[in-house]
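First, one chain by itself: the form predicted alone, in structure tokens.
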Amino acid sequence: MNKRIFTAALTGAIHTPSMSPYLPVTPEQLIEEAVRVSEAGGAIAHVHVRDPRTGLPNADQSIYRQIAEEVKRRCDIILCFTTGGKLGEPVENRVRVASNLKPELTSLNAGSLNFALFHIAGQVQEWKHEWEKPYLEGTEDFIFPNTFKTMRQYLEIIYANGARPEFEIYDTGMINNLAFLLQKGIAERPVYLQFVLGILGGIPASLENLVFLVDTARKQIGEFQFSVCAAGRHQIPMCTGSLIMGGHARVGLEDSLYVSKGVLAKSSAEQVAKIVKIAGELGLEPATPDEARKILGLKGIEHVNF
């Protein structure tokens, strides 16, 4: 198969507005970003939302719906909604988007971890909003909770609404967690994994670790589709490694604010265009949204609730 699925994570809950003037925070900005990503060859847009006034990540269902409806009107890109939300978001709020919008795809974090961002606070010289610095520094004493109970409950809701989970794998133990969920019939096939490398608290970003993760997953869970994303400067090298190994790739301003060394990306679409160009040099082509739906076994855009 020479088709690869390219995803763009548009804004996330890691970076703050003071880090880049190009980080999208309003619904209108996120809508435009999703459309640009589609035009650049992206098949999936991974969606978080933020307070349009301050840029603080949240789980505002009305903003999710506004983005979903307008993006669907303008293009056929697959929308993958986060169930991670902002750091510290109550777990019951994080999954509501699955039942409210009945999307094709949602993220599902496959275990708990020390999700640390405090070390990047010192890189910012001037803050635009009061919440940013304490938000980042507070992660020195923060655990991102995704318990077996939470995963079971989330999967029940996701499957009941016809969506598919994209399992976020930050470390090796999360593969074991997913293998257990499959064995118990809590998780269903087909399986789609998103390997997330380079988060402080998770597995470091290296090709050796990526090979290890993919090999471990094959031994533990059998057949699956996988994609790779990586933090900061590791984004393009790790995504390229994924393409060579037969996987897909996720870029976007959630994972890295740069398009090349020292150059801020003005849009996630710039990063999509870069990895699509690299894929072309490898003889690979970007999957269309409909091709990606077939590869991942998604229900189709006509069955969503937006």
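Start at 1 and count along the sequence shown; that's the residue number. For clarity, every value in this text was computed on a predicted model and none was experimentally measured.
Just so it is clear, the following notes concern the form predicted in complex with a small molecule, a form of the same protein that is not shown.
Figure note: of the listed segments 236-244, 268-276, 30-38, 46-54, the one touching the small molecule in the model of the complex, with heavy atoms no more than 4.5 Å away, is 46-54. Three-residue candidate spot 13, 87 and 170; every residue lies within 4.5 angstroms of the small molecule in the model of the complex by at least one non-hydrogen atom. The small molecule in the model of the complex is not approached by residue 161, whose heavy atoms all lie more than 4.5 angstroms from it.
Residue 107 belongs to the set of residues with a heavy atom inside 4.5 Å of the small molecule in the model of the complex.
In the model of the complex, no heavy atom of residue 226 sits within 4.5 Å of the small molecule. Residue contact with the small molecule in the model of the complex: residue 194 places no heavy atom within 4.5 Å of it. Just one of 148, 144, 131, 180 comes within 4.5 Å of the small molecule in the model of the complex, counting any heavy atom, and that one is 144.
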